[in-house]
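In the form predicted alone, a lone chain appears below as structure tokens.
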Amino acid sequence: MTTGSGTAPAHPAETTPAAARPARRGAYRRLSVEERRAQLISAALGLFAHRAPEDVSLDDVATAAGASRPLVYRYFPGGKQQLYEAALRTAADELELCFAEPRSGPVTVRLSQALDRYLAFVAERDTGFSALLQGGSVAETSRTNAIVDEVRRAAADQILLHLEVAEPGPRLRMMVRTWITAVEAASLMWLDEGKQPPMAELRDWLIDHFVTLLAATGASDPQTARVLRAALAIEPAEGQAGALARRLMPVLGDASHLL
């Protein structure tokens, strides 16, 4: 059928402004290899954060990423184990950054800020964090254990930097690693207790542990004693180290008969 001018009427799509037309089905921006890999890792991290690795399937990851199972295998031919290790590596990189803090101001303030980030990380990944540190997962291998231990060593290195120690002796090094182990254990128990006490109270308690452990080690190790004196020299009286000293004095005063 033609109009009076003899020309066919325009198709409706041709008269609709381009901006008002619905997007054609299937139109999307093709992701680069790195973008797609990062997308799959992000989806896996979201699942591993709240479920143990053995409870997450590749189909779960594919669904969460809006992808297909064959596509997941294309990027991770080793299957779920390879994907889990890649996700763990990404989480470990983020966790290592928790202890990276500018080296200025009182050490207790720096560690408090680092613990705020660390405990927030733990809180956001409760079940996944527990599965990671408690071990026993079917996804656990020598490689995953190495990744976790690398995080611990990186945290210890950061703490020693804050203490301005280039070459720590065995006692000081052991003391720092012992504290990191205590932080991990306390974090797991904190999750088991429904994240009680409140995060700020747990953080302050862990800082008290650090100062006390440093003092106990310094009592028998000259290097640690020097580090403790230098650290306390820049602590304000109203700061956490000062508050701890004031709380301890009455307790220690009752033990004056030991002197």
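It should be emphasised that the depicted structure is a prediction, and the values quoted were computed from it without experimental measurement. The numbering used is simple: start at 1 and walk along the sequence shown.
The form predicted together with a further copy of the same chain is left out here; the points below concern that form.
Participant: At 4.5 angstroms, heavy atoms only, are G66, A123 and A146 all close to a further copy of the same chain in the predicted bound form?
Facilitator: Checked in the predicted bound form: no contact with a further copy of the same chain for any of the three.
Participant: Let me know the one among A38, L213, A52, A62 whose heavy atoms come within 4.5 Å of a further copy of the same chain in the predicted bound form, would you?
Facilitator: Selected option: L213.
Participant: Taking a further copy of the same chain as it sits in the predicted bound form, is S104 in contact with it (heavy atom to heavy atom, 4.5 Å or less)?
Facilitator: Judged by the heavy-atom cut-off of 4.5 Å, S104 is well away from a further copy of the same chain in the predicted bound form.
Participant: Decide whether E201 counts as a contact residue for a further copy of the same chain in the predicted bound form under a heavy atom distance cut-off of 4.5 Å.
Facilitator: Yes, contact at 4.5 Å.
Participant: Counting only non-hydrogen atoms and a 4.5 angstroms cut-off, does L47 reach a further copy of the same chain in the predicted bound form?
Facilitator: No.
Participant: Are any of the heavy atoms in E193 no more than 4.5 Å from a heavy atom of a further copy of the same chain in the predicted bound form?
Facilitator: Yes, E193 lies within 4.5 Å of a further copy of the same chain in the predicted bound form.
Participant: Counting only non-hydrogen atoms, choose the one of 89 to 97, 109 to 117, 72 to 80, 182 to 190 that falls within 4.5 Å of a further copy of the same chain in the predicted bound form.
Facilitator: In the other structure, the partner sits against 182 to 190.
Participant: Is any part of 220 to 259 within 4.5 angstroms of a further copy of the same chain in the predicted bound form by a non-hydrogen atom, and which residues would that be?
Facilitator: If the 4.5 Å heavy-atom criterion is applied to a further copy of the same chain in the predicted bound form, 220 to 259 yields S220, A225, L228, R229, L232, A233, E235, P236, A237, A241, G242, L244, A245, R246, R247, L248, M249, P250, V251, L252, D254, A255, H257, L258, L259.
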